[in-house]
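Form predicted on its own, single chain, as structure tokens, below.
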Amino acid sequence: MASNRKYKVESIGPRIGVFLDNVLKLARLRLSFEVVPGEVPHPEIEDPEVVVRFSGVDVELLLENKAELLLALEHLTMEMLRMPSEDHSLLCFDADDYRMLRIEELRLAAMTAAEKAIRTRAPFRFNPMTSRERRIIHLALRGQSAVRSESIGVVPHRQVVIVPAGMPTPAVESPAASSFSQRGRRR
């Protein structure tokens, strides 16, 4: 099975190692990492070929703000490797099992949002999220016949909306227009 993988630890691991060693040193982050073959408990949701696991004193910094720094390091590494966007799901950064916990959190949020949409007969909008997180929401609801999930808007404001069955997709709200209308009001 591993032989048909596009990305292997043996081929990209050393490049990732050199890159992250330099970045972590320049950022003065007290972290160590290991580059390992991908193995996750939810392969139907996320099935990376390579995983980079972080540990160390500064792990909390990586995970602050919904793992903003962890995801930024992941993105920069993908850019350094020149990975096409369709391959981004094949490389995953993690620390303290953040990914597994986040998947469970998103699955529970999807089910709760679906229940609310059914109960109120009104669409439920999630805040903007990454394509990986939107995918988790969609997959969590794929067996639901009473609702459907759709991604609407444009990056970085793209969000998932849960729509009760039989209802039309709600219009996309322009983030610029809504912030302008809020600022433009004078009293």
Partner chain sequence: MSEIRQLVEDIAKALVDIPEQVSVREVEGEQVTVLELRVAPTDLGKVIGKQGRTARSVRTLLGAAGMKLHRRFTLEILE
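Residue numbers count along the first chain shown, from 1. Note that the structure is predicted; figures quoted are calculated from it, not measured.
This protein has a second form, the form predicted together with the partner chain, left out of what is shown; the following refers to that one.
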Contact with the partner chain in the model of the complex, heavy atom within 4.5 Å, among 101, 90, 72, 111 goes to 72
Which pick from 150, 34, 47, 58 sits with a heavy atom within 4.5 Å of the partner chain in the model of the complex?
58
Determine whether any heavy atom of residue 27 comes within 4.5 Å of a heavy atom of the partner chain in the model of the complex, and answer yes or no.
yes
Is residue 22 part of the interface with the partner chain in the model of the complex - any heavy atom within 4.5 Å?
yes
So, in the model of the complex, is residue 97 in contact with the partner chain at a 4.5 angstroms heavy atom limit?
no
Looking in the model of the complex, is the partner chain within 4.5 Å of a heavy atom from each of 68, 80 and 85?
yes
60-68, 47-55, 136-144, 118-126: which one contacts the partner chain in the model of the complex at 4.5 Å, heavy atom to heavy atom?
60-68
